[in-house]
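Quick setup: one chain, the form predicted alone, written in structure tokens, and binding and motion questions come after.
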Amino acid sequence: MESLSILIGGRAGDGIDQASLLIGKLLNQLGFRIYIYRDYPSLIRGGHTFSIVRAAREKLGAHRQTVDFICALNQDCLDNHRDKIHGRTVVLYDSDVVKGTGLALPLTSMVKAAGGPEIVRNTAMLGGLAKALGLPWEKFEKVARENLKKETEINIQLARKGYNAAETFYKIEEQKKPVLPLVTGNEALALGLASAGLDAYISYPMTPSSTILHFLAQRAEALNMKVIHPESELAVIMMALGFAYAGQKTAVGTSGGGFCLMTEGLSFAGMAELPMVIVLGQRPGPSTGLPTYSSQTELMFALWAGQGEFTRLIVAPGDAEEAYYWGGVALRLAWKYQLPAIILTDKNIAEGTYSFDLKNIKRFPEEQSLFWDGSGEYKRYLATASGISPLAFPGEAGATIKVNSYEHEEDGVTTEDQRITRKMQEKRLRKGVALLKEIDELEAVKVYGKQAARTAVVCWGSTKHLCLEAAEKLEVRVVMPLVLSPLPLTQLKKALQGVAQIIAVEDNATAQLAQLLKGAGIKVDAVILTYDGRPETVEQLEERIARGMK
């Protein structure tokens, strides 16, 4: 078995998310590497929601065109996903509400007879799935009891009924690999920020970044961290500026609409040299767009947001492990260079669930912030060769810390003097030169696939694993920049040496990465763009790349 895919679907409110996570945890206990894709409308109840759980021997982060099991809790699930059926696909369905062929399980009747709530149909379905996968009941019950904290006994009872009513179609072999934790991209990012020393997280909920707020709020005491949900995104960014002024390592989370409101504060941070991290979870726009779906449409916005010219760090991780690492790096570098850092994610990474291996993650750069040594008069904006001024914070003896969003002198006092204006602007921009030097010492561009291939697929963010699987079959090179500002041009050119054709793969309609590369002198020959909010399958991308290859 190369990989196993299981789709479970029903109405919003049928417990699809929890059911898919339980499937993932069950297969995870067998040593498989897991990726879970979630698809749901912007509704509390109703509509159609589904998840695809994919398990394989090796790390993965994309789904394929067909699935091996469909678990249908309503008719929409079966009708909407008939194109995902292959010759050996097994369809499990609630025969009380779905007309289909396959393994019929009267789940609604079972639940009514047991006096359970309707939502328990999902657990009864999972019991049937465990039998269909050839798993022993004891294995399923152990995982279910560890994860079903509410209505445990009725859940176990109904799962057993589903198990007894099903039959076995596959025999899943246990993998001889260590069991890894399952985390979402947002959870990994939150842990990376916390590990790098985050003191405060501030956010107004906005999909797909909201779960960072929920995750950190539940662990604020254990992490010794302040987690705050103010009344708006304007309040979020202004509060973050205050925390940074007071010496607290701070991050905020939002999506496109919220980031629009934050741009004034972003410019403030650029002029006042107040460090902060902004997690920008991308989703289709303009405006509210498709709030629960995915896109890569904010690269140009992040590059140019805010008035005036100032250096910013922008990183774009491609899975949970990269979200952890680059979350920590962004925080460390934001503080070292005293500037805003933006972490671009999207719904596919933020809410996708991955097997997470901490051993694969490099150490963060050491803490290297420049602090005032207490001698002489303190100047918050002292002009240095690197542009980085020594830090001091309110309450420090002998230091008056004046920050200013107006142009200012070295001590922070407002000025409109021409000579000083030039001097301070050049000081701020010098930090970008120093930052790029440090970026060049990190692995800011990754190369995968066939290293000697003359065709290279260039991608960023959540398209990473999709491109990796497609490239394996087509034997092309994959080049993935993880830092997008300042652009690591030296590493990019080295990664593209010997390439005769560059194909950019992006989830937007205007090829934003290709535009960025063109501005840096790298010509992209073809683009493959997706802009319907849904990720492509591996087979769809393989076909499009093959069609475009010279």
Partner chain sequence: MTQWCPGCGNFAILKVMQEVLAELQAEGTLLENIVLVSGIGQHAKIVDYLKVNSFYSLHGRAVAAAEGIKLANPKLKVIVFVGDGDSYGEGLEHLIFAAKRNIDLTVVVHDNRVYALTTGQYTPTSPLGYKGRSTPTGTHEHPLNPLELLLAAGATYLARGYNARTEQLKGLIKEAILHPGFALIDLLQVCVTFYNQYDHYNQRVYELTGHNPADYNEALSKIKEWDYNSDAKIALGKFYQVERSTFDSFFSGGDTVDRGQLIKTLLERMV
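Residue numbers count along the first chain shown, from 1. In this text the structure is predicted, and so the values were computed from the model without any measurement.
Below, we turn to the form predicted in complex with its partner chain, even though it does not appear here.
I need to confirm a contact call. Of Glu472, Asp96, Glu264, Glu410, which residue comes within 4.5 Å of its partner chain in the predicted bound form, counting heavy atoms only? Looking at Glu472, Asp96, Glu264, Glu410 one by one, just Glu264 meets the 4.5 Å heavy-atom criterion.
Please identify the residue among Arg88, Arg422, Arg219, Lys437 with any heavy atom within 4.5 Å of its partner chain in the predicted bound form. Selected residue: Arg219.
Please determine, with the chain shown alone, which of 288 to 296, 400 to 408, 131 to 139, 365 to 373 has non-hydrogen atoms within 4.5 Å of its partner chain in the predicted bound form. Contact-bearing stretch, as computed: 400 to 408.
May I ask you to check whether Gln29 falls inside a 4.5 Å heavy atom distance of its partner chain in the predicted bound form? Close contact exists here: in the predicted bound form, Gln29 approaches its partner chain to within 4.5 Å, heavy atoms only.
Consider Glu231 of the chain shown here, and say whether it contacts its partner chain in the predicted bound form, taking contact as heavy atoms within 4.5 Å. Flag for Glu231 set to yes.
Any of the heavy atoms of Glu396 lying within 4.5 Å of its partner chain in the predicted bound form? So Glu396 counts as contacting its partner chain.
Closest heavy atom of Glu174 to its partner chain in the predicted bound form, within 4.5 Å or not? Answer no; every heavy atom of Glu174 is more than 4.5 Å from its partner chain in the predicted bound form.
Its partner chain in the predicted bound form: within 4.5 Å of a heavy atom of each of Gly197, Phe243 and Thr414? Yes, all three are in contact.
Output the sequence-ordered list of residues from 204 to 229 with at least one heavy atom within 4.5 Å of its partner chain in the predicted bound form. Residues within 4.5 Å: Phe215, Arg219, Ala222, Leu223, Asn224, Met225, Lys226, Val227, Ile228.
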